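In structure tokens, the next block holds one chain alone, the form predicted alone.
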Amino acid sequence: MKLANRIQHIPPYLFAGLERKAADLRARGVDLIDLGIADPDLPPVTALKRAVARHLDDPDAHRYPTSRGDPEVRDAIARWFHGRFDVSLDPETEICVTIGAKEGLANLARAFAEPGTVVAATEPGYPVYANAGAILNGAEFRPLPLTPAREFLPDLERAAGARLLYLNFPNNPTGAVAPEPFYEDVAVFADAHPDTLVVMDAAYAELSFAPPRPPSALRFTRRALEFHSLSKMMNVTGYRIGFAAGNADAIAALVNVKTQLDSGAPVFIQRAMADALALYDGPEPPEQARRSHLEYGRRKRALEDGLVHAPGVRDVYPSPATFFVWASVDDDVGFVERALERGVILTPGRGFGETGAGFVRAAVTTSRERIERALARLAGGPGGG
């Protein structure tokens, strides 16, 4: 059976491989501490769970949703966006509900990327930008390196001529937070390059542990599209619900693609998202979400403080946001393999692009007690078994 060239050129999805290795070890009875795949272990916001159950009884909950999203849900998203970011949106033309951020990021590229075009993105980065954004559409991928020397901020001019520019702050995998002047630079770039659509993946915007809170790129330019997700905001990765906001023409293009490829997110989950966003008090999340965010922050500091002492670690780069700790090592693949032998799952940096070679990513989606045990295992000291 002959496959399309785009499938043959796409690398294996990093996290699928990690899941298989972990499943094999667990099947053999190995007690694994998973610091690899960032799947929140804390419970979902209770009001959100209850809203899902409540909206199952809506008379139309069993019917097809729309590809753009329920109108009342888009109204609720616009209200949240204004309260959180002080940005006004037209819910009719500037918002689209997505099946999580990943689906929207990938489907958007179908409307813009094609052979002969360039898709640029921060690297190391979420594999969707290069794989689903560029390769699956026959486009050229152009990485914008994030390095310690540049404080993990990209040189935007390297994206000149690109059809799409994917940015991601707070950043996965480095944890980097972009300062406000960077968003001003993004606006200048967008104005100077009107044929490039700026796409901000803001999935971790709510997972910040110190002021100032990350802003929206839409406060600085409307030549952009921004993606948000409830996955990390409220510990519901499995609900697959999020939204895109911003440039009306880009929203229309995304909706056009979605009408061909999916039927939208289930309406009862959309409405539950609207109820959950309404729990915000201006820019402040509901109490239960705030408590879980603070716990992730405490875990992150513990892992940052401990990982710097692990044999083979050169440096750790602390940050006040995301689930992730980013560290430089002599050999990322070798370091991850040795960690796995000790029962700790980490992610090799090169899985996020060539710029990530020589780094590892650790996620804090397990208890502090398990994190301390993982650190002991990595150190090879007492309690590491």
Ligand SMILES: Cc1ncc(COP(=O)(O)O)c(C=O)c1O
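Not measured: the values here are computed from a predicted model. Start at 1 with the first residue shown and count on from there.
As for the form predicted together with the named molecule, it is not shown, yet the points below apply to it.
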Original post:
If you check in the predicted complex, do 122, 145 and 326 all have a non-hydrogen atom within 4.5 Å of the named molecule?
Top reply: no
**OP:** With the named molecule left out here, work out from 97 to 105, 150 to 158, 70 to 78, 300 to 308 which stretch has heavy atoms within 4.5 Å of it in the predicted complex.
**Re:** 97 to 105
Subject >> The unique member of 231, 247, 270, 292 whose heavy atoms fall within 4.5 Å of the named molecule in the predicted complex >> reply: 231
Subject >> Contacting member of 240, 222, 84, 193, with respect to the named molecule in the predicted complex [4.5 Å, heavy atom] >> reply: 240
**OP:** Mark residue 296 yes when one of its heavy atoms lies within 4.5 Å of a heavy atom of the named molecule in the predicted complex, and no otherwise.
**Re:** no
**OP:** Please check if residue 172 has a heavy atom lying within 4.5 Å of any heavy atom of the named molecule in the predicted complex.
**Re:** yes
**OP:** Give a yes/no on whether residue 183 approaches the named molecule to within 4.5 Å in the predicted complex, heavy atoms considered.
**Re:** no
Original post:
Quick one: does residue 112 come within 4.5 Å of the named molecule in the predicted complex, counting heavy atoms only?
Top reply: no
Original post:
What residues of 200 to 222, in sequence order, lie within 4.5 Å of the named molecule in the predicted complex by heavy atom?
Top reply: 201, 203, 204
